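Taking the form predicted alone, here's one chain by itself in structure tokens.
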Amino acid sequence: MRKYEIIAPCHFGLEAVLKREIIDLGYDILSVEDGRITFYGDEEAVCRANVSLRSAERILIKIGSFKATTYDELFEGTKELPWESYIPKDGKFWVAKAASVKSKLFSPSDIQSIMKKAMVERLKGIYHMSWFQEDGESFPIRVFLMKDEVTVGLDTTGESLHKRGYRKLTAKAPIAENLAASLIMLTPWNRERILVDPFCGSGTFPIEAAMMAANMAPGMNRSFTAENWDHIVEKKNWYDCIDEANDMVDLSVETDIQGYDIDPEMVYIARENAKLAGVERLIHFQQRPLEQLSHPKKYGFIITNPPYGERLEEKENLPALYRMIGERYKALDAWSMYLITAYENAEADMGLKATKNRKIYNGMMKTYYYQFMGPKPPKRG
């Protein structure tokens, strides 16, 4: 079985979560950089990473890297890469995305078109063809330039891994599934502990938590670009990987996972999404305003993404909203609270000082993950 260097991009600030996931899958880490982890794996690893990783954005097979400070160097460096090992004569290939940080070459469209020309030039010589029909399977390429170092990867995933396949209906500003999963994994929550999201929207936090509780792989109900690349990853690996994922699911677990929203339409959407994910039995969704947030038991978790006032008219309501979050949290007995927000006055308005505060980029938006850690429950005798 062939070995590859595999690149897994993730949200900035969540590299440690993804690194732990990859190690838990049994693979060796080669490097950790801002927003991506590179690890070593075989054909099976490509499948398992796509199907099993909760915090990754996509899975790339590294084709190569080189230094380029001019477009000539970019062309020659790209042309030197062994494209024929990956792209067949009828393959449809293009540079789907180019990202540049602290590099002399910074225009994505120029980088994309020059690299495409170089790929064509190389394959013309190998396949003795002057024209490529490109009517076969798709081979999207992604390239990162960091301090003039060009890293080229073949995208095995297709649609980003945050698209699990269950969220057919969405809220106004939904949190991405892989970000929600990463934030849950940054907490000590496990399936034996209570979890409440009082601003559940389309249900992402409760659904991701329920999938973790049931040991359900996030990518087991979707497809991937590389499924038809038999010359790179044999079909059998995909079948084996899905079989392995199915065998691990345990929907008989008992959980106390709850999602509340003030909007009845959101509660309906959340329930429908939970059904599509196959975890509706594990979650209790309810229309309930924040003022009624309560729970009789101790040692639970609030994990949530409250409004942070992207629109001006919402901004006026934020101090009162965050004051109420603080009041309701203080009324709970020995709970922990984890909330992600871009609202700068969150702590002051809640009247609480976070145990930890982590900066995380949600797309281009800088957000803070406030962590209020309650006491640990006593060990069971």
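Residues carry their position along the shown sequence, with the first being 1. As the structure is a computational prediction, the values presented were derived from the model and not from experiment.
Quick note: we don't show the form predicted in complex with a small molecule, though the next part is all about it.
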property	result
Ala274, heavy atom within 4.5 angstroms of the small molecule in the predicted complex	no
Proximity of Ile175 to the small molecule in the predicted complex, heavy atoms at 4.5 Å	yes
Close approach of Ser182 to the small molecule in the predicted complex, 4.5 Å, heavy atom	no
Interface membership of Cys200, the small molecule in the predicted complex, 4.5 Å heavy atom rule	yes
Interface stretch in the predicted complex with the small molecule - options 261-269, 130-138, 112-120, 89-97, non-hydrogen atom within 4.5 Å	261-269
Selected contact from Asp243, Glu159, Glu80, Glu291, since only one has a non-hydrogen atom within 4.5 angstroms of the small molecule in the predicted complex	Glu291
Selected contact from Pro307, Gly165, Pro108, Gly278, since only one has a non-hydrogen atom within 4.5 angstroms of the small molecule in the predicted complex	Pro307
